[in-house]
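This document opens with one chain alone, in structure tokens, the form predicted alone.
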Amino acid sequence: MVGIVIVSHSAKVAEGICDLAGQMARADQKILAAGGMADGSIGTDAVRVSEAIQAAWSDDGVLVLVDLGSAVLSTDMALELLDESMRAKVRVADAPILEGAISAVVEASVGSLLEQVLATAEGAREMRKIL
């Protein structure tokens, strides 16, 4: 099953998204938060992101969702910390972090492949909230 990692500048935001998305997932779905800095301050840490990817890892891969610009940079740096075989099975979604995470978790929980989980997360960009 594809693992999911949530990267936010805020640990509380990352953990909250994991909690909410976890309500939609199978019990064994891996959803890891990589938010904030080690001292509790706001920011992103490539080492924490890399550790979360490794914790969420399965042979099916990992999808990472990020909040703001430097979260993308930290995630790119985190990928450099992984060995090449693992890096080849990690994708970063260009998606709204909350809606994308929930969509991705549901898709991953039904056993979809990494590319389908990515496409579903990125499809959340088109979700309308008010019709």
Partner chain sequence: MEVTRLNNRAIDLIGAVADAIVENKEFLTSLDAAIGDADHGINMARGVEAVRAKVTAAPGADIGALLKTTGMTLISTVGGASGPLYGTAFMRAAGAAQGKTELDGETVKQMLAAAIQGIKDRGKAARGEKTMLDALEPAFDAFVESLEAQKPLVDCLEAATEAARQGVAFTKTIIATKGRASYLGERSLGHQDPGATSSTILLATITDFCRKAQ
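Treat the numbers as computed from the prediction; the structure is a model and nothing was measured. Positions refer to the first chain, counted from 1.
The same protein also exists as the form predicted together with its partner chain; that form is not shown, yet it is the one meant from here on.
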### Query
Pick from V106, A46, I97, A56: which residue has any heavy atom within 4.5 angstroms of its partner chain in the predicted complex?
A46
### Query
Quick one: in the predicted complex, does every one of H9, M37 and S74 get a heavy atom within 4.5 Å of its partner chain?
yes
### Task
Look up in the predicted complex whether D28 has a non-hydrogen atom within 4.5 angstroms of its partner chain, and give yes or no.
no
### Query
Any of the heavy atoms of D83 lying within 4.5 Å of its partner chain in the predicted complex?
no
### Task
Please name which of the stretches 56-64, 97-105, 83-91, 37-45 has residues with heavy atoms lying within 4.5 Å of its partner chain in the predicted complex.
37-45
